[in-house]
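Next up: just one chain, as structure tokens, the form predicted alone.
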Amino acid sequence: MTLELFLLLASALFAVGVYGALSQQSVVMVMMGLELMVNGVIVAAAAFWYFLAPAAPDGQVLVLVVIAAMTVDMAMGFAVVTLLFRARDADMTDMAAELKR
């Protein structure tokens, strides 16, 4: 496995995530697209760390911090989506456009 293959995988994940985030109307599908985009960035960062400085633990720490931040971000996002669905029965992005009471 080479750096180019890992970067190709990362760019494919990012491209699928962009398509998923921009083409879907369901809030959950948009969030899944965003998660794929972040996963592409994580794969690219881990590949750069593995091929450029494998002895330094800085890359591992960075990847773990990004994964932890992504987990918290997605958990909060899904909590907001669940709350929005329960309060207003809105599961599409155009239904949730107006958040005023």
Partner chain sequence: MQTALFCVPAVVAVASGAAVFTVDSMARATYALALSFVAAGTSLLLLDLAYLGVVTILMMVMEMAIMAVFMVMFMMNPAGLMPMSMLHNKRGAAVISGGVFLALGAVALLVPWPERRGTTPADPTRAAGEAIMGSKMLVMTGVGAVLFTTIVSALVLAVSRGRYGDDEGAQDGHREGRGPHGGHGGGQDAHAGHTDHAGHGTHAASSPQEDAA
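Residue numbers count along the first chain shown, from 1. The structure displayed is predicted, hence computed values, not measured ones. Here, rigid core means the biggest group of C-alpha atoms that superpose within 1.5 Å across both forms.
Same protein, other form: the form predicted together with the partner chain, not shown, and the subject of what follows.
Of all the residues from 1-33, those having a non-hydrogen atom no more than 4.5 Å from the partner chain in the model of the complex are Met1, Leu3, Glu4, Leu5, Phe6, Leu7, Leu8, Leu9, Ser11, Ala12, Leu13, Phe14, Ala15, Val16, Val18, Tyr19, Gly20, Leu22, Ser23, Gln24, Gln25, Ser26, Val28, Met29, Met31, Met32, Gly33. A movement of the C-alpha atom of Leu22 falling short of 2 angstroms is seen between this form and the one not shown when the two forms are aligned on their rigid core. Relative to the superposed core, Ser11 undergoes a C-alpha shift smaller than 2 Å between this form and the one not shown.
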